[in-house]
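Here we start with a single chain on its own, the form predicted on its own, put down as structure tokens.
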């Protein structure tokens, strides 16, 4: 039954969900949108971020978000290492299209199986004071477990956008897939730039994973649920556009929430991806694509 209260709550829930989708998609916006690296293993590393936050929270009682932030340097280092292997094995030889995709596909399963071997297939969750709390604004209830990730996603988006616009290395990352020769003439090594960018992309997975386990319990294979969504968001927002990723994620979140509320959860993915196809038919370069 349609009511204004139900509509308002569905929209708010969709906006909050879209904020989380933004956090998960930012790393792929960099890797796929800026570097042309089809890292389908990115959601698996988000789940790995969830489990690192769970491990620290369970052992030491540290807030999961702080744990995710503390592990970003480690994820950055992992990203740098992965890109070095990818570049030496595939990109330098021109085999990045199919064999490179297979590399990340295999990497996704390695991460998933490793988590299953260590933690099993049971769902894991964390404990924090704000999980379970709700803030009410009139007839609209805002769960803190969704509001905290939404606020963090906005901070991540603004920080990355400022880094890309205001720093030399940030502008180099934005340019590396467009004109390697011009970048070299400016004194930057394209391979090192892409290595740094991929490290940043994977570092975002640590925080996104912490947000995911704050929202709800996780298990090792959950990353598969987000592969289609994050690629859809990156393409819809415009390849490599941080702001476009935010807008596309919010749109997808609101559409999914409205569909799930008024027509049932099973319809949500179909309607959301139908909207994606329609939007790309009207504007193939994405909302903020060039």
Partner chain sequence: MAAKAFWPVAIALILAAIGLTQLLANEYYFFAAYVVLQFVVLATAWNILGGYTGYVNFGSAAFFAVGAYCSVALIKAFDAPLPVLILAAGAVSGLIGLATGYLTLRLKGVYFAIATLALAIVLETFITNWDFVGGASGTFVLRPKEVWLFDSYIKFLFAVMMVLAVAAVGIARSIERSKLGRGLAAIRDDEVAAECMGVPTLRLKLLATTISGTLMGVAGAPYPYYVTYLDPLSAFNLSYAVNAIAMPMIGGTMTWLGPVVGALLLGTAQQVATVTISSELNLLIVGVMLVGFVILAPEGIVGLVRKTIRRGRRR
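Source: prediction; values computed, not measured. Positions refer to the first chain, counted from 1. We call the rigid core whatever largest set of C-alpha positions still superposes within 1.5 Å between the two forms.
There is another form of this protein, the form predicted in complex with its partner chain, and it is not shown here; the text below is about that form.
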- prompt: Hey, in the predicted complex, is residue 59 touching its partner chain, heavy atoms inside 4.5 Å?
  reply: no
task: Check whether residue 93 has any heavy atom within 4.5 Å of a heavy atom of its partner chain in the predicted complex, and answer yes or no.
output: yes
message: My question is simply whether residue 101 lines the interface with its partner chain in the predicted complex - judged by any non-hydrogen atom within 4.5 Å.
response: yes
message: Taking its partner chain as it sits in the predicted complex, is residue 176 near enough to touch it, meaning that at least one heavy atom pair lies within 4.5 angstroms?
response: no
Position in contact with its partner chain when the complex is considered in the predicted complex, options 258, 65, 239, 250, heavy atoms within 4.5 Å: 239
message: I need to confirm a contact call. Of 135, 117, 181, 165, which residue comes within 4.5 Å of its partner chain in the predicted complex, counting heavy atoms only?
response: 117
message: Given the stretches 226-234, 66-74, 250-258, 44-52, which is the single one in contact with its partner chain in the predicted complex, using a heavy atom cutoff of 4.5 Å?
response: 226-234
field: Residues 8, 10 and 159 all lining its partner chain in the predicted complex, heavy atom within 4.5 Å
entry: no
- request: Quick one: name the residues from 56-89 with any non-hydrogen atom within 4.5 angstroms of its partner chain in the predicted complex.
  value: 85, 89
- prompt: When the two forms are laid on each other by their rigid core, does residue 11 show a Cα shift of 2 Å or more between this form and the one not shown?
  reply: no
- prompt: Aligning on the rigid core, do we see the C-alpha of residue 61 shift 2 angstroms or more between this form and the one not shown?
  reply: no
